[in-house]
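To begin, one chain is listed below as structure tokens, in the form predicted alone.
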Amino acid sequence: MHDVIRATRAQPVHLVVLALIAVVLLIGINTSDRFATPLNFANVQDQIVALAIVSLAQTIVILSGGIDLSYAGALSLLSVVFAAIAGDSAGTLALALLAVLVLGALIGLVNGMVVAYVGVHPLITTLGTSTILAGAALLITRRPSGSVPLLFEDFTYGRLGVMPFCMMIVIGLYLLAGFMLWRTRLGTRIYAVGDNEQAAAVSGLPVRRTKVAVYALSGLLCSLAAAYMAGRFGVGDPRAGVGFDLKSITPVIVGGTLLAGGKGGVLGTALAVILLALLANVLNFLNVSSFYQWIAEGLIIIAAVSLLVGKGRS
């Protein structure tokens, strides 16, 4: 319980990320006159919605001591299914959303059952699931297809001032996840299982059910990201999720959540998503190739993990 309470407070890593955000902002302001404009900041928010949702899901899974690499295939399949059902009719929009929510939760449920009851390592389980789902998406269509109602597309592009509607939803999701992790029994169990699974089992906590719940929640959040991506693209893309399996891990690590589980939280992930988005935006203004951006992201991951490991050993 002490670790859970401590996780609600600002940690040194959060202050470091905040300082880095300030540095990136200063660099951006001095790089281009277009950087510190309402339009640019709104665009940055649009670009991080899907990653922020998937990273939130990954944070919860990693806190429980697991990992979810199924997002690449899941996002692809779910976006294709959403666009296939939604079509151009507003009347089928609710059905499409319900379908992907149920399917996303079911994908997560299967992952959780295999991990918790069969005993297959989560990395292998979710990587295999991702491959299956990616193949299923390509069986349905090999190119972007389907459509979404105009009103849903307008919603995904809509803004209130400089804040996109979907970013408001993301903020709400992070607040709900934070409350769940820090103020509910499920949250306490997630931290306990991630910190020491054997001790949690000896204490009588439902370890297996907790793992299943975590992966089901992860799949549910993934389905929201898939619906958003379909709305932005206007179609279902069978390759929409490519790269999201690893991209989702970066903000979690940079935000201070330990890969071993049991330590960290959603605040660090939120700050890291902002940092990485602003960094990519500045590098774009500097005309830095995306290949160099990948290299920079990899170096950031290595540096963050090294610092956390060193801290854990001290």
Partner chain sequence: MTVSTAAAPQKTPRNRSTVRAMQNRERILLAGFLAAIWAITTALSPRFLTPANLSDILVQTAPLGFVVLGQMVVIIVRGLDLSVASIMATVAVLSTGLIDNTAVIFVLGLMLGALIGTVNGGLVAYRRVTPFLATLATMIVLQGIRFAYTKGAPGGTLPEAFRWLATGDIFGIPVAPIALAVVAFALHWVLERTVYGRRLKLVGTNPDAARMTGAPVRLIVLSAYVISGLTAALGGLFLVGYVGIVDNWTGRGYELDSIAAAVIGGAALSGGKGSVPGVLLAALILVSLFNIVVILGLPIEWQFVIKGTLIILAATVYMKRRRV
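Positions refer to the first chain, counted from 1. For clarity, every value in this text was computed on a predicted model and none was experimentally measured.
There is another form of this protein, the form predicted together with the partner chain, and it is not shown here; the text below is about that form.
Shown without its partner, this chain lists Leu138, Val162, Leu109, Ile171 as candidates; in the model of the complex, only Leu138 has a non-hydrogen atom within 4.5 angstroms of the partner chain. Val120 is the sole member of Val102, Ala84, Val120, Met113 with a non-hydrogen atom lying within 4.5 angstroms of the partner chain in the model of the complex. For a residue to qualify, one of its non-hydrogen atoms must sit within 4.5 Å of the partner chain in the model of the complex; all three of Asp245, Phe291 and Glu297 qualify. Although the partner is absent here, Ser89 lies well away from the partner chain in the model of the complex, with no heavy atom inside 4.5 Å. Mapping the unseen interface onto this chain, Thr131 counts among the residues with a heavy atom inside 4.5 Å of the partner chain in the model of the complex. Contact annotation: Gly66 falls within 4.5 Å of the partner chain in the model of the complex, judged by heavy atom distances. Remark: Ile21 does not count among the residues lining the partner chain in the model of the complex, judged by a heavy atom distance of 4.5 Å or less. Partner proximity in the model of the complex, defined as non-hydrogen atoms within 4.5 angstroms of the partner chain, places exactly one of 163 to 171, 220 to 228, 93 to 101, 138 to 146 at the interface: 138 to 146. Residues of 180 to 210 placing a heavy atom within 4.5 Å of the partner chain in the model of the complex, in sequence order: Glu197, Gln198.
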